[in-house]
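Quick setup: one chain, the form predicted alone, written in structure tokens, and binding and motion questions come after.
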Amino acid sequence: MRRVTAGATWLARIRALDLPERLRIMNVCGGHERSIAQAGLRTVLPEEIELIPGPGCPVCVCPEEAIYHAIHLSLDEGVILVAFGDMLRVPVNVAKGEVRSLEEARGLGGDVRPIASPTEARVIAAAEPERTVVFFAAGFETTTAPVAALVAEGLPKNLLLLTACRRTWPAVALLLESGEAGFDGLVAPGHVATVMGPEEWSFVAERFCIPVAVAGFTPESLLAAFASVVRQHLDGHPHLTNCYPEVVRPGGNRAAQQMLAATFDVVDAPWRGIGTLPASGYRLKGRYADHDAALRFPAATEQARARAGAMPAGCGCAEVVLGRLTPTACALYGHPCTPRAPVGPCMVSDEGACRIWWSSGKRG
């Protein structure tokens, strides 16, 4: 007898519902978007349901100014610059012929090293005690928590942090407060909810009357979240549902939250191509000022860079991040912007919507 999978069951339940003519569901996680693409969920869901990739890629929203600063440190200050691998290929806005990425800086002699874990930064600093090591840390809450642990455990004297860490929910709040959210339901990020607690996303339903469900990364968990969001929409009773209960617990990870609070202040912070969002960033607390690379090595003057902070001409990455433009609708998608030669940040990271769509075979 043929075994019916949980995914097939959830899909059948969704198809059995009396769907509206159009229902737009946004996901807020690059991992979700990757799972959706790999499992081909857009091809099996009813055509009335539109899945929209949202602001779930920390590499994509990392301030261009911070990347430019990191390039400057690697080439002009003689530091060892370490960063998560995706950050090395993100381009900045400079004149033709100038260094536009950390990867190019490394090619010109900058000591730039990719790492996969914050602890690798400590190992490198310990092995090179006579040199200054700068850890360029970018990421959302799930990445920032291990960085906070690294700081709390004690940093070697020669290890500094250049931080571009962000909180996830303020970008969704920006969309909702704009009055032009562009979605009817939200699938919230499971890993962020694991750290910060699912309750962080209750404002979506309580303040804006939009259904919301936390999901994991399997097709089954995502389909369960889609079914919940659709049912809430049809019932007219938006609320928060946890469809990742095996990992996400009420209140989240208290120890991780305490570590974040002990090492970082929450501040207003810039998002690339979007602007400054209130209470959306993390900055090292004053007690760690000796390890703050931004204080030790002030950024090069931005007045000399007319295009500082912006996306490249014609690049739609900011609109893609906000769910207002599909990757294939960007004028640069596929030509000239490809994973081999990215123009914008969304084509760089494995969590960027453009890179995910390209990798899944969408060519236009």
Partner chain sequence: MCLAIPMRIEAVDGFNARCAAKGVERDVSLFLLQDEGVAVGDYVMVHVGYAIQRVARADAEASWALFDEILATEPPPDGGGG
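The shown structure was predicted, so the numbers you read here are calculated from the model rather than taken from an experiment. Residue numbers count along the first chain shown, from 1.
What comes next is about the form predicted in complex with the partner chain, which is not displayed.
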Partner-contacting position among 247, 261, 108, 209 - heavy atom within 4.5 Å of the partner chain in the predicted bound form: 247
In the predicted bound form, the residue from 194, 241, 163, 101 that sits within 4.5 Å of the partner chain by heavy atoms: 194
Heavy atom distance at most 4.5 Å to the partner chain in the predicted bound form, all of 12, 203 and 271: no
4.5 angstroms heavy atom contact with the partner chain in the predicted bound form for residue 320: no
The partner chain contact in the predicted bound form: residue 29, any heavy atom under 4.5 Å: yes
Contact of residue 55 with the partner chain in the predicted bound form (heavy atom, 4.5 Å): no
Partner proximity in the predicted bound form: residue 69 to the partner chain, non-hydrogen atom cutoff 4.5 Å: no
Partner-facing stretch of 135 to 143, 263 to 271, 227 to 235, 173 to 181, counted where any non-hydrogen atom is within 4.5 angstroms of the partner chain in the predicted bound form: 135 to 143
In the predicted bound form, residues of 109 to 124 near the partner chain [heavy atom within 4.5 Å]: 116, 117, 118, 119
